[in-house]
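Two forms of a single protein chain come next, each set out by itself as structure tokens; they are called structure 1 and structure 2.
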Structure 1
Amino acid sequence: MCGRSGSGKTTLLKLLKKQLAPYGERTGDIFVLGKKIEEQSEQESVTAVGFVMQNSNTSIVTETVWRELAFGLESLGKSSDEIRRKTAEISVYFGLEPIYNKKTEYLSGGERQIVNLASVMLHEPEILLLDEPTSRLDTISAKKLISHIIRLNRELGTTVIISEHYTDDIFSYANRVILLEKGKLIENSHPKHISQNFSEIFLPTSARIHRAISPNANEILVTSAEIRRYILDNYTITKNIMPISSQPEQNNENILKIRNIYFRYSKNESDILTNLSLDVKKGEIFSIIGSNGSGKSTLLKIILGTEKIYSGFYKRSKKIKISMLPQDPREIFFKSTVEEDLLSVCDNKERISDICEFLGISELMSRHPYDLSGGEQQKTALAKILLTSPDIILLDEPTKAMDFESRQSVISIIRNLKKSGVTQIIVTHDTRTASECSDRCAFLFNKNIVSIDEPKRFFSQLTYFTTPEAQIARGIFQNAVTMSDVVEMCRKNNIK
């Protein structure tokens, strides 16, 4: 199920599950397994339909993994022996054995979402509903979760309805694709037979590239392998290296200097960062990528100065003002309207309206910050931070859980901010964001930075933890890591 934020995807999914149906007026009928939803008993609805939510953290109820798994079965009044057998079985199936006794607070986002899926699957539902389950995960964890879902569908025949913004991983497995727009169903077909007016932002990367290089093709290419074959079959590749636009030499002045730092949260825990060194130049956009829980956010906190290193050199100059956009923008909203909130950091109304115009949030001024969509919240928080006129902005996952358009607009804001000379450090697990907006990228792995490079070289050197576009261009076009790069390279070469 595709659709922009606010198109009614979540509402539709929730209507299919009796316990979650939103309050309001409904006309028409919903049939689940041949029965009107009103006639379903509570028990039937609980067991027949499983629901996995977007936020893996808030949907976990209990404090340990095994208790979380047992929760649903306890509700059904199963005996201890049965629960023991079933949780054991499901743990083996989903590979949860190593974390079975762990506290849920110590799990990574990917692990949490698999625990959520497993605990829903313990009811053995006929229908599995998933509301943007991968939107907060890094690429690798997302692929792992999707592969579990596909396996359930193929092995157990579970009907799966999944809503997603980025369809790369699931499009090829889908039997049907539906598109919602403003609460209306406007497309309902097999992925291979999607109509031409299907908005391209919901297509997988392969199909988008295909459409861009041959606009008249009817066929939809749903996997990276297909588009690779298409390019190799249809083009005589003569030019295969994407030139890296050498940027005008900026001032090489380092605004941040970090040397051999070590960090851990407390004496009895293991190191989060070891022997890490880093330079950030003035005015650049510096991205740090890494999987969930690799210590990226911790590094930001160290730069910000709220966490102290125990060894190494890092000194924050008092002249440099550093601000941070937190992962959850709600953390910095204190007032009941956006306007009041912005006025609390800056009383210059002209400046506020300038910045709001720049970010495109002028019409949100009278709204409550909590009523905004994820993208709008992110921009409002950014406005608040810009009002403090910082020299360095730290952005913690600025495009997390956003749809295509919100993400694109955040990326263009980041690029525009560069023009005003602000240094930006972004940490993200979204390789696309990093590839599209940064001047330099770094890869944080095993408590240290393992490589730093210009994004095109950086992502084309990686094979697995990289952008889908780079995976498509691997071995065909060197240094092509974004959609426009790949399309540009195709155009440079002759069609056979």
Structure 2
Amino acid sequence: MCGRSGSGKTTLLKLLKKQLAPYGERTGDIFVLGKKIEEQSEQESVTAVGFVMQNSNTSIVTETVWRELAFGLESLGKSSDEIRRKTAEISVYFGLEPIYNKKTEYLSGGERQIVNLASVMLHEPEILLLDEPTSRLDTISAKKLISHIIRLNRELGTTVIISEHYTDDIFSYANRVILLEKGKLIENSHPKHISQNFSEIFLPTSARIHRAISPNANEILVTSAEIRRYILDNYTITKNIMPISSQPEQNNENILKIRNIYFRYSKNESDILTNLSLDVKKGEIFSIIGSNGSGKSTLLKIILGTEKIYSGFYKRSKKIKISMLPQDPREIFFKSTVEEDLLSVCDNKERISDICEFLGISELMSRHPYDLSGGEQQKTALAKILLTSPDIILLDEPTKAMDFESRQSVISIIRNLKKSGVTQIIVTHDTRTASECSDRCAFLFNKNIVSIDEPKRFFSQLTYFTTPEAQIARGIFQNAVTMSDVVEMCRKNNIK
């Protein structure tokens, strides 16, 4: 299920789950497994329809993984023997044995989401609903979660309805793709036979490239393997090196200097960051990628000053104003409406209006921030951060849960902020955003930064933690890491 932020995807999913149905006026009927949803018993609704939410942090309620798995069965009054048998079986199926006794607060984002999925599947639902389950995951964790979802569909026959902005990993497996626009269903097709009216912003990377280089094709290509074969079969590759544009000369002044820092959350815990050194130059856009739980968000908190290192050196001028967009934007909402929240940091209504218009959130001013979709919350929080006029902005997953158009508007904001001299440090799992707007990118692994380079060299040297476009171009076009790179190289080469 595709659609822009606020198009009604989450609302539609929740309407299919009796316990989660939003309050409001509804007309028409909803049938689940042949029965009107109002006629379902609580037991039927709980066990027949499973729901995995976008934010794994709000779904986990117990201290350890095994307790989290057992919680739902205990609530239904299952016997101890049945609970032990079922939790053991589901743990083996999802590969949770290594973390079975682990505290849930120490789980990575990917582990949390798989635990959520396993907890739901313990009830053996016939229908599984997932609301943007990969939006908070790194590339590898997202692929792992999708592989579990595909297994459940293929092996157990579970009906899966999944809402996603990032369709690269799931589109080719779908039996049907539906598109919502302003609460209305406007497309319901097989992935390969969608209409020309189906906006390319909801297509996987392979399909968008195919449409760009072959706009009149009757059938779209939906996997990386298909588009790679298409390029090799239809083009005479004589130019295979994408030139790296010379970067504008960077300001050599370091606005931040970090040397050999060590950090842990408590004395008895392991280090989160070890011997990490980093320079950030004034006015640059510096992106950091890495797996869930690698310490990226922790590093931002250290830069912000809310967490203190126990060893090493960190220097910044006291005159520098730093603001941070947290991973969960709800952390910075305090008022009853968007307008009141924005006015709490800036009383210039004209400036508020300009920023809201640019971010496309002007119509949200009277809404409660908690009632917004994930993408709308993210843009509203970004507006609030921008209104503080900081020298350095720390962005923790700024494009999370955003549709393609919203992501592009954020990239435009980031580029415009650079023109005004604002330094930006971005932590992201969105490799495409990092490749399109960064001056430099860094890879955080094993508690330290292992690589820093300009985007084209950086992502072309990676194989698995890179952009989908770079994976498609690998071995065909060197240094091509964005869609425009791949399309440009195709157009530079001769059609056979």
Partner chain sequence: MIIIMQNECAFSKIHPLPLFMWFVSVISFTVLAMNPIIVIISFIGAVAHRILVSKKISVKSIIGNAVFMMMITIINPLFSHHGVTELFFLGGLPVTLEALIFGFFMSIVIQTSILWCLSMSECMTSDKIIHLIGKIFPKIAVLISLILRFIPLMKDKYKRIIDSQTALGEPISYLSAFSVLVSIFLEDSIDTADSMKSRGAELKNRTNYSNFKFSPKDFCFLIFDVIICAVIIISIKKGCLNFSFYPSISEIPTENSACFSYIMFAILAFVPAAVEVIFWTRFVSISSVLNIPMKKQKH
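Rigid core: the largest C-alpha set superposing within 1.5 Å between the two forms. Every residue number counts along structure 1's sequence, beginning with 1. What you see is a predicted model; the values in this text were computed from it and never measured.
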property: Form predicted on its own - which displayed structure it is; result: 2
property: Threshold 2 Å Cα movement between the two structures for His368, core superposed; result: yes
property: Rigid core superposed: Ser135 CA moves 2 Å or more between the two structures; result: no
property: Rigid-core frame, C-alpha of Phe202, shift of 2 angstroms or more between the two structures; result: no
property: Rigid core fit between the two structures: Cα deviation of Glu350 in angstrom; result: 7.8
property: For Leu395, CA displacement between the two structures after the core is overlaid, in Å; result: 2.7
